Ligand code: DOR
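A single chain comes next, written as structure tokens; it is the form predicted on its own.
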């Protein structure tokens, strides 16, 4: 039987090493990985000589905005950015306008994604002030619950140890991860200077918040996932409490590769939450990702804002940066430099995120898995925000040289993006919502 699509003569990773192989796709699944010359017949063939055939990246931390913030990003522009960046699955955070605290608002997001998507889209939900009021009908449509101790989604909520325990119990009861934005900064406190901002959202604050949730995790044995770890001290705390089944963590490329001292902070180009830290933290986080496996995956924390929201003074600017089009190029550049192994890259950008959220059939380039694939060229180029498909164009990586360019992105067997062109209409491919295995 011929396969639907054959990616021929490309470079795939076999047991951690580069090897020339061909990949067959049929009915949205990977039919097989073949030695060159042993491939089946194919209805369509793409010559991938000299190009890398890899699993599409899975980004479990993105803010796709839309609804009340469609001036910043929409499901169409955000998922186009994902496809152009080699990301085939994204999971959207609940701190949107409106926040996702109930089924009606969640279904509003799902409806938008169904119409406008270019890749697979999953969702998280927040937890209302009274945890007992959590709308359990959302559970089949979400991959986790997210908490923001420094900025609760439900007004009037205070994150005491009792509240943390209630949230941890709720997630454990339903066998679903609790995602933590680790920050104990009081919401009412305002920063008057850059130093105030950095002190308010310090590493001490990050560690304090995580310690509280670790203490309650131990009581109920729930699954805690720590978002955007930014400090070496936080990574050490995670290492001391390491337990893959109940404690996982992520890091962003900007916290891996950028430090606060590298920017003047005259505007908000490099304003993040958590903030950029020191070169020491960069090193500690990279070690936690690649040497000790303290950190399980890389996530972009794609947080798009309008140009006028980023180019004002630092304190007035919004925090966050677009990352869907830079994560894969940045991480693969480190692979090509020899700083990261292929095994590590595939773990923390592809299979690891799928494992954390219990997403079956994605993140591995092997027979029977979903044909979510990116074809990458080893090519020198520079990151330019003006070229992004995201509505957000301001990036702290502006002008940074990279040596990996996503060329072709395939979602469940469909070629979505090919060398700058989108070959499908929005809403035609991709799973919405992505669901966990029950």
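Numbering follows the first chain given and starts at 1. Everything numeric here is computed off the predicted structure, so don't read it as measured data.
Just so it is clear, the following notes concern the form predicted together with the ligand, a form of the same protein that is not shown.
No residue of the trio 191, 265 and 312 has any heavy atom within 4.5 Å of the ligand in the predicted complex. Exactly one of the stretches 209 to 217, 100 to 108, 313 to 321, 354 to 362 approaches the ligand in the predicted complex with heavy atoms within 4.5 Å, and it is 313 to 321.
For the options 305, 277, 223, 201, the residue carrying a heavy atom within 4.5 angstroms of the ligand in the predicted complex is 305. Note on contacts: among 95, 341, 269, 157, the single residue with a heavy atom within 4.5 Å of the ligand in the predicted complex is 95.
Heavy atoms of residue 63 reach within 4.5 Å of the ligand in the predicted complex, making it an interface residue.
Residue contact with the ligand in the predicted complex: residue 273 places a heavy atom within 4.5 Å of it. The ligand in the predicted complex is approached by residue 228, whose closest heavy atom lies within 4.5 angstroms of it. Residue contact with the ligand in the predicted complex: residue 301 places a heavy atom within 4.5 Å of it.
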